[in-house]
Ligand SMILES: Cc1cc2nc3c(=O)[nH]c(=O)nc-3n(C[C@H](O)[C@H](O)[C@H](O)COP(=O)(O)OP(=O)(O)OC[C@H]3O[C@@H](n4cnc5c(N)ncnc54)[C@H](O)[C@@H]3O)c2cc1C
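Presented as structure tokens, the chain that follows is alone, the form predicted on its own.
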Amino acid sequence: MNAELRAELRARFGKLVTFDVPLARFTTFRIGGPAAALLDPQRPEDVAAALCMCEDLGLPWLALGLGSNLLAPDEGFHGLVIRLGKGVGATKRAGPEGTLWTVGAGLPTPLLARRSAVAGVGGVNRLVGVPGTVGGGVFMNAGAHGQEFRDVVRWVDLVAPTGVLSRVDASNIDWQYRSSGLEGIVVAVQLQLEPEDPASLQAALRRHLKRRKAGTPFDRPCCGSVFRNPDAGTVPERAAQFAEPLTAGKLIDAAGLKGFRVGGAEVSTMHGNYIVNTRGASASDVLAVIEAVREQVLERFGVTLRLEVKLIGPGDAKGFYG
């Protein structure tokens, strides 16, 4: 990024923007080279102004929450990273029995799960183990243990790539498995939750969190699930040996790939659909592991694993990734 662009960003956003910031500090993989510029917006209008500026200048941008569900490049990101955090993470309750929750995109999903359970409203408490923000969760329709964001979203406040801020009704969103079809940056959402017994909700939350911790490398640098689970209708006969549901983790485990490593990147010995950064892994290490896993699973079982993790290029990414 040249000095003129830096000066324009500094003039518009002041101390909210910093330069040459390592992305490894802001991703759950702890991988990624420097972002040319990083913005810490304090309100939705900051996000709108940033995207309008990027549109005018032809500057690549990337929206980031807690940095899960993505692999940042070793060479860094050559544009503007918009990191949504506390500045756009406020929560407001309204409606009968406090069941309408308006939530800022920067609020961590586990925190939403805990707060809603304590308040005695259900619908998102099972998402306590989802390692991302609410905005990223809605953008990718994150889910866990039978709950997905599309089940509770009423509307989304979205900043389009052109910088225009608008409200999108949930009925106009193209919800799919781990996708919303939205383009731009989610800055706020309204959720319709349901009254339930707080003690029961909190007990269920603890059970799901315990299960998550016991079955995944919860406390190690990783991105979450690397591959999507195969669609039932696309599974070839030689993979029919597995008990339903067929998951990417089962296939990787059956291929004997747990513990497979390239450099500092390793297929988790706890869960086959997680790649962990054991120490000092690079993005190229992770990509090599991904390629080897896909090749082995395809050769053994005839299943082509599709990525759930988003692979970010140095200057070609536009989206909100967790």
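For every residue, the number given is its place in the sequence shown, counted from 1. Keep in mind the model is a prediction, meaning the values are calculated, not measured.
The protein also exists as the form predicted together with this ligand; that form is not presented, and the subsequent description refers to it.
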Note: this ligand not shown here; in the predicted complex, the stretch from 91 to 99, 161 to 169, 138 to 146, 191 to 199 having heavy atoms within 4.5 Å of it is 138 to 146
Exercise. Give a yes or no for Val121: in the predicted complex, does one of its heavy atoms lie within 4.5 Å of a heavy atom belonging to this ligand?
Key: no
Using heavy atoms and a 4.5 Å limit, would one call Lys310 a contact residue for this ligand in the predicted complex? yes
Partner contact for Thr278 in the predicted complex: this ligand, 4.5 angstroms, heavy atom: no
Is there a heavy atom of Val103 lying 4.5 Å or less from a heavy atom of this ligand in the predicted complex?
no
Answer key, this ligand contact in the predicted complex at 4.5 Å (heavy atoms) among Gly272, Gly32, Gly65, Pro41: the residue is Gly65
Residue within 4.5 Å of this ligand in the predicted complex by heavy atom, from Gly249, Gly76, Gly79, Pro131, is Pro131
Those residues of 171 to 209 with a non-hydrogen atom no more than 4.5 Å from this ligand in the predicted complex are Arg178, Gly184, Ile185, Val186
